[in-house]
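In the structure tokens that follow, the same protein chain appears in two forms, which are kept apart as structure 1 and structure 2.
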Structure 1
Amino acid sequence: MADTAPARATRPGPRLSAAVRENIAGWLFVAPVVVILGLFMLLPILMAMWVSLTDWNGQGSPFRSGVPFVGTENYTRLFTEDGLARQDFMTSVRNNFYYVAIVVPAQTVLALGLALIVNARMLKGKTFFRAAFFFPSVTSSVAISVVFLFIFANSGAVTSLLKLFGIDGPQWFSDSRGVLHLLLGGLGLVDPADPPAALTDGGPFGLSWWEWLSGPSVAMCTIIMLVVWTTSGTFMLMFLAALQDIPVTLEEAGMLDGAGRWQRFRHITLPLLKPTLFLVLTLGLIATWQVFDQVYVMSQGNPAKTTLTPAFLSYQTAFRSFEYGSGTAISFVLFAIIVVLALVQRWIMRDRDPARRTRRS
């Protein structure tokens, strides 16, 4: 009989733990999204960052060997070098700063007020009012901008209405005067035609203090009114959803304790709206620093560059002056401004109660 070799027992290979298998499965599920975001968001950002370090004029590929590499020159020209580039950029930052300072608080307060109105128990026709307040937000911004051009024209409805009350309205889209200058002149404190030499002789970043303190121009104020009217509806829905999520028992408990309407709003409603308020302020801050379409349709940065914004200046520099490096650098500086202001806003609105932060964590 032939000798039979004893069968060898095969050892099982090492098995992956359940946690490792879950991690691998999770990465497999998110891999398509990571690839898509990397190709269509991260990679273009890196390519644009390279363009901001060059003097590319839009001809050919920006990655060929013949494109001049200028390093941080496109950035330093915006802050340290005297010239038209810094003057235009600082003018756009000044304009956008006043725009943000007015639009964000105004649209937030208006949206919260509208949400409180349509959330009232005794209000009839809530569906109609919600749709009416929200309708401007879903209308094309370009179409509404064109309508406002006709309304605020020299022979438009607003000017005609002011004439009925004996008021000569300004030439809305041709008036470059700053409202703060007009206010100081109206109070007799300063003559706008002959400002004090202390305010005109010097100032930071290539603009005089008189220019920094001009306030939004009359033309910019028309854009501000348009944006506040069209954006408040969206934020109204956010506040309305948060208001309807507040338990009615808290409101009733406040009434039983003798709290008035203002006290209930201040000590019950407003604290519970803080997360939504932070969301609305953050979205408003980001959107207002990126304003472009209204400026493009209504003013093109005019009159006298008083409606010029960094977003429109980036477009104008890149696609009209063919200075793609400078235009891209402006966009990255704008991105940095938005990130810094969003972080500052988050720090200001942080929860200062240590016990409450401990409970949330």
Structure 2
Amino acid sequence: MADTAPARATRPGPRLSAAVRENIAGWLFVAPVVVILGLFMLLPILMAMWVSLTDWNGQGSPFRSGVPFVGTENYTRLFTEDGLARQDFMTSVRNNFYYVAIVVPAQTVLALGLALIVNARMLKGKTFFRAAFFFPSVTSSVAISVVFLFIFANSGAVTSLLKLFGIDGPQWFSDSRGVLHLLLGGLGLVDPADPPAALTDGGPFGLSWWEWLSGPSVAMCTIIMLVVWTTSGTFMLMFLAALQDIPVTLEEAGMLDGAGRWQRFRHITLPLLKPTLFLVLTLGLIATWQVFDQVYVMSQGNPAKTTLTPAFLSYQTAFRSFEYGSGTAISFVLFAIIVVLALVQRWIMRDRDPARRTRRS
């Protein structure tokens, strides 16, 4: 940054206007970026803030005088008013919560595991395996969703594969049963067909406790598998880059000290990977709350709204029901959720001292 300063100092200023010319040149170089980011990043946010306070239906300009101003109603409807808007929104938050809770740990563990194996010194063919694991992340989300639609279709590859093992697979995309419900039923704790009244009678934000405790639906699980499969490769590359930065001597020192493989991983590798781990978790958290393309192609929020996510709900509310105010309000709430969760995670990770996490080994 400061490296051009000495150059300017040693060069005798040819003209008085050198600084002015540099200012002009600089702004000319950044002008296209500034204009486009301003028009399509900043301005949309400002406009959306206004629209989220109105009941604009898409006709004409949202700034006309006839557009009904409703204040914060589009927001309060999502939280305090009993009705379909709140029920849909809370359902979408629940769905996405379970989705995040499974995808983020699963893709992180898978990515780290793959990186460790690919990085193992004794194995050959690193380039090929690295490419193979990374390839799904670069392909079109729409195309890959089509492939998974086919793979999980009723007579599809997964069903035939399960049949080889004598398992009758579910009808993936039409199965709205919650996995946690199935699990509770399977353990004999609760009868999913007749849940206890204590759970069905009440609950926060318009959904009963029983509904909150559904877990992801079977249909949502297909999207979860798809996303873990596509994103693990990217995160594997990040772990791999970090692993290659760890000096070999450090691991050898651990070996000489008689540390086993697990101990070396726990006390040498993992602490050094902490910044990457933090990055992967943060990126994962931010990305998973934005799941959209896969939902659009594979399920459109169905069956029984169990794959509805806030991002898709926002789109649906604005573009299908023409309630743009409500749709933008959902966008902003989603933004708030992402920001808050990213901050919470940052706070948790900062407090974690790797030396204190040894009790499990």
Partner chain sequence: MKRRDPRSLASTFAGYFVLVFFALVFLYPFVIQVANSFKTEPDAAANALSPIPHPFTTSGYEKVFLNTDLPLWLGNSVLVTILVTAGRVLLCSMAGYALARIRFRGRKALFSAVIGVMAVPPVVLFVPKFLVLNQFGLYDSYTALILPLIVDAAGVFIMKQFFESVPVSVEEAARIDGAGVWRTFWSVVLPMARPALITLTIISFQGSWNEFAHTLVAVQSPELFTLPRGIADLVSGSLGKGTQYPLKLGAAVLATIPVAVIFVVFQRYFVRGANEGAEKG
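Numbering for residues begins at 1 and runs along the sequence of structure 1. Everything numeric in this text was worked out from a predicted model, so none of it was measured. We call the rigid core whatever largest set of C-alpha positions still superposes within 1.5 Å between the two forms.
- Which structure would you label as the form predicted together with the partner chain, 1 or 2? The form predicted together with the partner chain is the one given as structure 2; the other form is structure 1.
- For N23, state whether the C-alpha moves by 2 Å or more between structures 1 and 2 after rigid core superposition. True for N23: a C-alpha shift of 2 Å or more.
- Large Cα shift (2 Å or above) at A304 between structures 1 and 2, core-fitted: It does not, since the A304 C-alpha is displaced less than 2 Å between structures 1 and 2 after the core fit.
- Task: Answer yes if the CA of V34 moves 2 Å or more between structures 1 and 2 after aligning the rigid core, and no otherwise.
- Result: Passes the 2 Å threshold, so yes.
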